[in-house]
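Quick heads-up: it's one chain on its own, the form predicted alone, in structure tokens.
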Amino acid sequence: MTKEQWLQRRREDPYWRRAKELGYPSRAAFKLLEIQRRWKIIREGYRVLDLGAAPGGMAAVASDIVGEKGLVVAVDREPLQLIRPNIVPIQTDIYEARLTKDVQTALGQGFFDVVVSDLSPHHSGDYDLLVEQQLDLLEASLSLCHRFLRRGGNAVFKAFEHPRLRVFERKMMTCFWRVERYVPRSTKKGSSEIFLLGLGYRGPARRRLSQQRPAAHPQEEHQS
């Protein structure tokens, strides 16, 4: 597909046109809006960590919902095309060592109420490779949940349908009270994109186990 063909297809996309009309930086806004209408994962005053945020479609929706008392920390390698008082952009890669420190500085005290990940690798044309790279991004996103998401919080992860995705879903089920799969109506036709929702964060299984039973030996709890 040539660049002109791609641009023409985008211009014909009703969600792209509507995003422009409503002032959203991207059509991804409608995916989060659909999820929000169905599950109410974000509330006023919440703190949201948005991974893969650029150009800012989902960040804009989260910003509208949390309001002036809330916070959206938006992480992406590319610059955010959005400036709002309740959005703190962090321009870096999710694998950068400094990311945790930068997120903690932006967050301040406490934890996030919601983690949203719209992360996606560049499509090389090799679908199996794309899935492998996406699974790595999902693992990185879940790791940040373990570090920053409060108990009872929610998470939304973009993924691609594949048999191997079930392994990650089972891992999510050990960390959340409920896991849902959802394909928004605004997802492009023919796309294998799917969103995994983790509702009611419980924490890593090993951490819960160490909290529920006394350590048999003084060093056991430290190792867990």
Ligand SMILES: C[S@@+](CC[C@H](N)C(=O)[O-])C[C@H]1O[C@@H](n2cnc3c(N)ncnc32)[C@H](O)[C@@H]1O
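Residue indices: 1-based, along the sequence shown. Quick caveat, the model's predicted, so the values are computed rather than measured.
The protein also exists as the form predicted in complex with the named molecule; that form is not presented, and the subsequent description refers to it.
- The shortest heavy atom separation between residue 70 and the named molecule in the model of the complex exceeds 4.5 Å.
- At least one heavy atom of residue 76 is located within 4.5 Å of the named molecule in the model of the complex.
- Using a 4.5 Å cutoff between non-hydrogen atoms, residue 184 does not count as a contact of the named molecule in the model of the complex.
- Of the heavy atoms in residue 119, some are within 4.5 Å of the named molecule in the model of the complex.
- Judged by heavy atoms within 4.5 Å of the named molecule in the model of the complex, the contact stretch among the candidates 124-132, 146-154, 102-110, 85-93 is 85-93.
- Contact with the named molecule in the model of the complex, defined as a heavy atom within 4.5 Å, is made by all three of 28, 53 and 58.
- Residue 158 is the only member of 146-161 with a non-hydrogen atom no more than 4.5 angstroms from the named molecule in the model of the complex.
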